[in-house]
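Quick heads-up: it's one chain on its own, the form predicted alone, in structure tokens.
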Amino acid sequence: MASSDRVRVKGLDIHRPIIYGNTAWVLTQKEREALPTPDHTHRWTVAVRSATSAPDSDIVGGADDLSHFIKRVTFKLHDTYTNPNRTVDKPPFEVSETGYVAFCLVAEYARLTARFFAYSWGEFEITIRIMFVQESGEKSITFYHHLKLHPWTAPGSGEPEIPPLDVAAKMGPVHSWQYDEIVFHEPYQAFLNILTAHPPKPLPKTKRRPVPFHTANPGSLEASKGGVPEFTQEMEKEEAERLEAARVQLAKEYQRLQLQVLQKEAELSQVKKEIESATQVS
């Protein structure tokens, strides 16, 4: 490698869009009986993928091969799994497993309803560590994803958070995916050459399929139904608009609190003056 390749390109940032998350399915009775652990109820796949989906694909994202800049991905599962640290050295960067469902027992007595939840290998947090190729000279980065097994529900809808398995099976796969952009600040020239030689496929401009649901945007729940979701440029724009609206609201709140502090300081100063005047009169 030429010495110039180990020089960082000053003043330049380059980013690569990725998604991380999971898709989960309810196992059929036949599938459960074929497992060494027939009491497992769900199969799920957690993955790191490119953001753009391939045409007519049955998975979320994954149109691009990320191995030109990602060397390996480690998924830290719940400690109750055999070998909870799963390292994947080549694409697809994903892990598939099965697990238990969390279930709810409802007891009614004297018109009072009590709900008791029992959890096992249900939903839990997965630590995702991404390591980059040697040419990057970059440190690894870490994301956290809460494994989602149960169908999304709208707040206040009255729908059960954990529906019976037969109901959940009819609702189809559960998708929980997060879009992010990995920014490489002033990359080495050699790594920049690699990145520019593999430009990411652009996201579709408008909606062609359902869109991924995210709790930060409750209004997207209905739009997420009806098939395999897909990220779009339109979603990216809407997210930017929501962030800008939140920034404006935060700035207004900061100004309100700042004015409140100034008013309190003025009141405190006035009280001090009154105390000093009263002391001198005494």
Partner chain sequence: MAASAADVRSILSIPTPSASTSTPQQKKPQAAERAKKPDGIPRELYALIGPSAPAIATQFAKPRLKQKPNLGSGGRVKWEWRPFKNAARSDGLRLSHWAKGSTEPDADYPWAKYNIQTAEYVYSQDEYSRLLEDQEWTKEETDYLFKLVREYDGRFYVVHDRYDYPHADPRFSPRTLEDIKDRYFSVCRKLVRNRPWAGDEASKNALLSSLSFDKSREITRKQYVKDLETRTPEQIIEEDALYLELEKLKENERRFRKDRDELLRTLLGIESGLPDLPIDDEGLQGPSVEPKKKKKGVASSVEPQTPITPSASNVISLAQPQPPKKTAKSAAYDILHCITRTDASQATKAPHQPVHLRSTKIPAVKPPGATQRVAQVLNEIGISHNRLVMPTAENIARMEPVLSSANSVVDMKKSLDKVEQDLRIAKARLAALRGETAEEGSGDAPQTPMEVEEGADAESVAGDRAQSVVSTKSTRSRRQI
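Rigid core (definition): largest C-alpha set, two forms, superposition within 1.5 Å. Residue numbers count along the first chain shown, from 1. No experiment lies behind these values; they were computed from the predicted model shown.
Another form, the form predicted in complex with the partner chain, is not on view; read the next lines as being about it.
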- Of the candidate stretches 134-142, 167-175, 77-85, 91-99, the one with residues having heavy atoms within 4.5 Å of the partner chain in the model of the complex is 134-142
- Task: Find out whether any non-hydrogen atom of Val183 is located within 4.5 angstroms of the partner chain in the model of the complex, and reply yes or no.
- Result: yes
- Does the partner chain come within 4.5 Å of any heavy atom of Arg242 in the model of the complex? yes
- Does the partner chain get within 4.5 angstroms of any non-hydrogen atom of Glu253 in the model of the complex? yes
- Item | in the model of the complex, Val7 touching the partner chain (heavy atom, 4.5 Å) | no
- Just give me the residues of 75-91, first to last, that have a heavy atom within 4.5 Å of the partner chain in the model of the complex. none
- Query: Is Leu12 one of the residues whose Cα moves 2 Å or more between this form and the one not shown, with the core superposed?
  - Reply: no
- Item | Core-aligned C-alpha movement of Ala245 between this form and the one not shown reaching 2 Å | yes
